[in-house]
Ligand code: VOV
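First, one chain by itself in structure tokens, the form predicted alone.
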């Protein structure tokens, strides 16, 4: 009896990544039913405590030791998202614990969260010398989040389906595909700022993508255009999308007024 021979599986070269600040997206739903039962003076006190917490985050940002952004979320997936960037996972957890101790957070129900680290791929190379000493690279790895009017967040992975497995493609093929994919993104320079969070081993998906824009329609345009690119059309798998509007600290009292 002859045994069928099969070609050995070739292990492809992994693309190296440059990693920066750790990121945490905390999505919450406001329990308006319970909050309505709280006296107005007590609600105001809770909001002021939350504003003081945000002021502490702003001080960290001014010292360039992290960044944060607070947005409302449109639709029923959540009401608020707080995105936090910090140098270590311990710093991320410290912020998370401090949030959970706020009186207002008794009325903010967790609906989703995402943990990642700001990531830059090296398919196009990382330049000469130590990339972590390159000012351009550092600005992308350790970003101060923009004050844009709108946010869009979604998780994604590269497919591992038979026939369409990103991780069995050669390095040369992946470089070619990512170059073309990146050209689309660069065409939106000045319209959208993108933060890529690598989350393999950290969360359920492989990347968390956060987009910032002053024109919310740009989110639809870039995602739609990229769907026709081979990287997304054949190898992209996407989770839920969250979009929202910027919420300033001084708007919180009006936002929670009843």
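What you see is a predicted model; the values in this text were computed from it and never measured. Positions refer to the first chain, counted from 1.
One more form of this protein, predicted together with the ligand, exists but is not displayed; see below.
Colleague: The chain here is shown without the ligand. Which stretch in 226 to 234, 45 to 53, 65 to 73, 32 to 40 comes within 4.5 angstroms of it in the predicted complex, by heavy atom distance?
Modeller: In short, 226 to 234.
Colleague: Evaluate residue 57 for contact with the ligand in the predicted complex, applying a 4.5 angstroms cut-off between non-hydrogen atoms, and reply yes or no.
Modeller: Answer no; every heavy atom of residue 57 is more than 4.5 Å from the ligand in the predicted complex.
Colleague: Answer with yes or no whether residue 77 is in contact with the ligand in the predicted complex, where contact means some heavy atom within 4.5 Å.
Modeller: Output for residue 77 is no: heavy atoms all beyond 4.5 Å of the ligand.
Colleague: So in the predicted complex, does any heavy atom of residue 214 sit within 4.5 Å of the ligand?
Modeller: So residue 214 does not count as contacting the ligand.
Colleague: Using 4.5 Å between non-hydrogen atoms, is residue 185 touching the ligand in the predicted complex?
Modeller: Contact with the ligand, yes.
Colleague: May I ask whether 84, 149 and 153 each come within 4.5 Å of the ligand in the predicted complex, counting any non-hydrogen atom?
Modeller: Checked in the predicted complex: no contact with the ligand for any of the three.
Colleague: Can you work out which of 171, 178, 89, 144 has a heavy atom no more than 4.5 Å from the ligand in the predicted complex?
Modeller: Exactly one residue meets the criterion: 178.
Colleague: Enumerate the residues of 192 to 222 that have a non-hydrogen atom within 4.5 Å of the ligand in the predicted complex, in sequence order, or give none.
Modeller: Contacts from 192 to 222: 192, 194, 196, 207, 209, 211, 222.
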